[in-house]
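Take a look at this one chain, the form predicted on its own, written out in structure tokens.
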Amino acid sequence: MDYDAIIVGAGHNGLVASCYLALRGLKVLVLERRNVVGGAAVTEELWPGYKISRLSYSYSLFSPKIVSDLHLDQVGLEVVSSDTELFVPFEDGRYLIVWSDPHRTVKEISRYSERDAKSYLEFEEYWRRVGAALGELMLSPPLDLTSLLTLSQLTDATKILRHVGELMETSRFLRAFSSHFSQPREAIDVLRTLAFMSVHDFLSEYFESEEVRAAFVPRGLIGTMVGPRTPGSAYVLAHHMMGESTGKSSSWGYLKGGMGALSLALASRASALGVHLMLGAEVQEISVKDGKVSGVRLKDGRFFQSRVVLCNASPKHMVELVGREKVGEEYAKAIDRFKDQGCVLKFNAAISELPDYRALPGKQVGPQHSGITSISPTEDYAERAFDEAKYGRFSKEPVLRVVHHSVHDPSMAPPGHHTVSIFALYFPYHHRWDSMKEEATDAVVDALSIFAPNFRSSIVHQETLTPLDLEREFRLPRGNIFHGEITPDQMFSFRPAPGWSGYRTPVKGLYLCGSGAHPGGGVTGAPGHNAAMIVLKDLGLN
């Protein structure tokens, strides 16, 4: 059967791309290896009565524009906001809560530092502007620096005119960023911060209190092999502060039905638009003929012909599916250099009661359960955890991000019971995880139990996904939840490689549309949206 477009992988980005292509009348096929849509944004009933967001755990970065364009709120997408953004217990029995109301947070921070309380509103305003600027760039292809350099070398007027498009794109891209700052110098200073600073250095410019810095440091570490004092980690913080999915900048929300509810809404919309979605269909080869994509062959031997193919898998997996000789050795080597060291362990559990924190006791739903609980009481705690991982060991005292989806949607657990979803750092990828999983799981459970002593005994069922498990089951390269590090050297014009940041590949008609493309990982929908726009442009439909 022939199609206009085939998408490899029914993760959220692939589903987004399929919807935009189908909206323009293209005949689209989406192929998914697993028997459930969503990729890393998936809800599964691991144990009877317990529905688990198995991998991604919060709704913070997904583009409101995509929700509006695709009318996802009309097909079951229901966002739940929380008064509590963050709960941070400290080892001495104190705690800090970051509320969704910034003025309430100011009062909270004043218990630790009056100066920091005053700085917090400036901190919020900074991220409002930076988040808005970065948010615009998310839905635009990044600058192609190689084209700009070529343009700078041209002297013939006719050839220069041919490159006017690059100039216009450059101007639009830069305007989108600089328009949010009153002075060019402000914009340059933001670029300096994001490109070179560590999250420790950046936070130190606003906050003197160790407790306040400790609250925000983990956002600069999520899923990335960096420590608080690693240059470039300030960008990781920015990446997780620019979401507006809940209607408020830098705010994190949740979904009724867990993270899989987003994927189900996208799949429902895609089906309504005529997209053919095929589950249990593992791709063996992306076929290329005379330098142009010709279709996709499945492991069961079936072949589907198509004008274009969009690959929602990682860049390295895409090269494997096509073949190094067909993408060209230069491109293959560039993708080889794409850093993708996974460092996240995901712990999911069914629990009989909520954690009873020493710092804020109570097993009934309270602010300590309604947002994200951060187990990282000091910057040095996080730095020590990173130090172990630098040498290939996993962190014996890991940094934890703890979420209870059942608090926001009681239907995800039996009455009186709850679910817990924990992202843990740092657990670097290697091939010995099968023999080390139990020890690593104990480290995670122990780290939370220090602050909530009832946690271990509350566990009814549990699942641990090591980086090796994430690679095997979700095809995340080396267990990297973002397909590749989201450090400044691998973002924007450098993602996945210089000269190839615009979703196209050396094979005509073959595109990347997953997290390995701009603007990177997280549940954003942006790579799928942007890749679809490029495909439509190349087909003369946009």
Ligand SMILES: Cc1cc2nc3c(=O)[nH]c(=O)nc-3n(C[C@H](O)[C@H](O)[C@H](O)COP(=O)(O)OP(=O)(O)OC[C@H]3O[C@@H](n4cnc5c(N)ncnc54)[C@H](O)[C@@H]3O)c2cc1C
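Please read all numbers here as calculations on a predicted model, not as lab measurements. Don't overthink the numbering: it's just position in the shown sequence, from 1.
Beyond the structure shown, there is the form predicted together with the ligand, which is absent from this document and is the topic of what follows.
> Considering non-hydrogen atoms and a 4.5 Å limit, does the ligand approach Tyr57 in the model of the complex?
Flag for Tyr57 set to yes.
> Does the ligand get within 4.5 angstroms of any non-hydrogen atom of His408 in the model of the complex?
Judged by the heavy-atom cut-off of 4.5 Å, His408 is well away from the ligand in the model of the complex.
> Does Arg219 reach the ligand in the model of the complex if we count a contact as any heavy atom within 4.5 Å?
Looking in the model of the complex, residue contacts with the ligand do not include Arg219, since no heavy atom lies within 4.5 Å.
> How about His418 - does it come within 4.5 Å of the ligand in the model of the complex, if we only consider non-hydrogen atoms?
Outside the cut-off, so no.
> Using a 4.5 Å cut on heavy atoms, which of Leu277, Ala187, Ala443, Ala281 is close to the ligand in the model of the complex?
Residue within 4.5 Å of the partner: Ala281.
> Looking at Leu29, Leu70, Met491, Ala40, which has any heavy atom no more than 4.5 Å from the ligand in the model of the complex?
Partner contact (heavy atom, 4.5 Å) among the options: Ala40.
> Hey, of 120-128, 308-316, 200-208, 226-234, which bit sits against the ligand in the model of the complex at 4.5 Å between non-hydrogen atoms?
Going by heavy atoms within 4.5 Å, the stretch is 308-316.
> Counting only heavy atoms and a 4.5 Å cut-off, does the ligand in the model of the complex sit next to every one of Leu86, Arg111 and Ser376?
Per the other structure, none of Leu86, Arg111 and Ser376 touch the ligand.
> May I ask you to list the residues of 498-530 that have any heavy atom within 4.5 angstroms of the ligand in the model of the complex, in sequence order?
Going through 498-530 in order - heavy atoms within 4.5 Å of the ligand in the model of the complex - the hits are Gly514, Ser515, Gly521, Gly522, Val523.
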